[in-house]
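One chain comes next, on its own, written as C-alpha cells: the form predicted alone.
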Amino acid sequence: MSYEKLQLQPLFDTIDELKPKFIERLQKAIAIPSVSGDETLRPKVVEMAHFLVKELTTLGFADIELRELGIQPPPVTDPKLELPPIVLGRFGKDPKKKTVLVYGHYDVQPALKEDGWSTEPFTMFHDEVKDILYGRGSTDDKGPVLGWLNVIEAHNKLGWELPVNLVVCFEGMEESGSLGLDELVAQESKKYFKEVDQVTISDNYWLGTTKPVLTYGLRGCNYYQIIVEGPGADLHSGIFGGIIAEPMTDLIKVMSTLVDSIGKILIPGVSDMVAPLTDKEDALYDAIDFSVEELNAASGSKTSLHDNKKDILKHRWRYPSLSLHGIEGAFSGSGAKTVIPAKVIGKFSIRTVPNIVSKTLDELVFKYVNDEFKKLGSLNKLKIELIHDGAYWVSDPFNESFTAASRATQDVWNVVPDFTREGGSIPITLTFERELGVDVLLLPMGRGDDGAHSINEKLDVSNYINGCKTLGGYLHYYGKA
C-alpha cells in the first residue's frame, strides 16, 4: 500500500548518533534488580521508579508523579509491604495535538546466575560480535520503556517538536499481577488520562526473529478447578482398593471428557460462540513469516497438531483451546507409593477468543462437568470452581494507529509488518480500552527468541535502536493521521 512518506531521516540519524548513550541508559536500568515477586527486593523496585523519575525530569517531562498504591494484599511475608508506585508523566499539553499514552513496566522476573545464565543477569553484557545486549529486563520491559525516553531525547537534541502530546504510565507490578493498576486507570480516566486519544503498549514480541509485527489481538483465559473428595483421609490401596470409591478415578474420568487428543474442546456450545473467520482476516495470515519447523524448534519436538502455517497460527490466536494443567493432592514423587488420595483437585484452563462470553462459558463448563460426573454414578462429591478469568482483546488492524505504526515500520525496516495476534494475555490492554474508550496498539520492540522469562534474556542492538526509530516514527505518522 502506497503512502506519503514523512521526512524522518534527521530523527533516525540522531537516534543512531545517540546509540552509545541509549545503551548506557539501558545498562543502568538493568543494574537495578527490580524483581517485584521478591519481597526482599522491593526497595530495588522502588529505586527503579525513582530512576525513571530522574530520567523524565532531565528530559523535560511535566506533572511527574509517583502514585502510591498502598499495602500489598496477602499472601505476603511482610504484612506492611508497600506496593511499588506507578510513574506518571507528561510531555507536551498542546490542545491542537493528539495525546498518546504509552504504557510499560519497570519490574522484572527473578534471575540468578546459577539458574543457567551465561553472564550475571543484572550486569548488562554487550556481545559486540553478535551486537546483542544480555540482561534481565533488557527486552521485558526496560528496553521498550527506555525506548520512549530515547525518542524524546532525540527530539530534544534535534530541536524538533514532538508531533503529539505524550503521557507515560509505567508500573512496577506487571510480573506480579499488576496489583492496583486497574483501579488507578479507572480513577484517572477522567483526570490524568482525560485527554488521551490512543494507548500504545510495547510489551510483546515479534512472532519470529527476522520480520517486525504489529499485534491486534490477544486470547483471554478462564482458569478452573474440579474438586473431587470421598474418604475422610488418604487410604492404603492394599486395604481399601476395590471397596471404596476413589476420587482420583472419578477426576481422571471427568477430565478426560474435556478435550480430545487432537485439541478439540468436547464441551458443547463453546465452539458455537467463536466469531466466524472473514476473508479479510484470513488474508492477513498469508504474508506472515512462520513455518511448522519454527513451531517444532519452539516446542523442542515434532508434535504439531497442524501441518501448515495458517492452521497453526489460527489455532494459536483466533480459536479457543483447553489445556489440562495438573492435579493437586495426588502422589507425584518418585518411587511407588500405594496411596488412595482422599481429595484431588484437577486444574484446567480455556483460552478465550471473540465472541466467547465469559459468563456463558462458565455456565457451559459447570453444567458439562456436573453432567459427566453424574454419569459415573459415583458416591464421591464433585465441585467445579472458576479460579480467575481474563477477557480476550481484539482491535481493528486497519485503524489509524495501526496504519501509522505500519508506515513507521516500513520506513525503518523496509518491510510491511506482519499483523499478528497472540495466544497469551495482557489484561491491562482491555482495561485501557474499556476505561479510556480509546484504541490500543501493541507495538513490539524485541524478537521472538529474546527469552523474556528465561535465562540469558536479550535484546538485539538493532531491535533496540531501530525500535526507537519505529516508536518515534509512529508518533509522527499518528500525529498526522
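Quick note: we count residues from 1 along the sequence shown, nothing fancier. Model, not experiment: these values are computed from the prediction.
Omitted from view is the form predicted in complex with another copy of the chain, to which the following refers.
Enquirer: Please determine, with the chain shown alone, which of 99-107, 74-82, 124-132, 378-386 has non-hydrogen atoms within 4.5 Å of another copy of the chain in the predicted bound form.
Expert: So the stretch in question is 378-386.
Enquirer: Quick one: does G116 come within 4.5 Å of another copy of the chain in the predicted bound form, counting heavy atoms only?
Expert: Residue-level check for G116: no, no contact with another copy of the chain.
Enquirer: Even though the partner isn't displayed, in the predicted bound form is T278 close enough to another copy of the chain, meaning a heavy atom within 4.5 Å?
Expert: No, no contact at 4.5 Å.
Enquirer: Residue-level question: is N156 within 4.5 Å of another copy of the chain in the predicted bound form, judged on heavy atoms?
Expert: Contact with another copy of the chain, no.
Enquirer: Quick one: is I243 in contact with another copy of the chain in the predicted bound form, heavy atoms, 4.5 Å cut-off?
Expert: Result yes; I243 sits at the interface with another copy of the chain in the predicted bound form.
Enquirer: Would you mind picking the one in L179, C221, L364, A111 that has a heavy atom within 4.5 Å of another copy of the chain in the predicted bound form?
Expert: If I apply the 4.5 Å criterion carefully, the residue I get is C221.
Enquirer: Only one of L266, M273, A287, A186 has a non-hydrogen atom within 4.5 angstroms of another copy of the chain in the predicted bound form; which is it?
Expert: Going through each option in turn, the one that passes is L266.
Enquirer: Just give me the residues of 289-319, first to last, that have a heavy atom within 4.5 Å of another copy of the chain in the predicted bound form.
Expert: In sequence order, L295, A298, S299, G300, S301, K302, T303, S304, L305, H306, I312, H315, R316 come within 4.5 Å of the partner.
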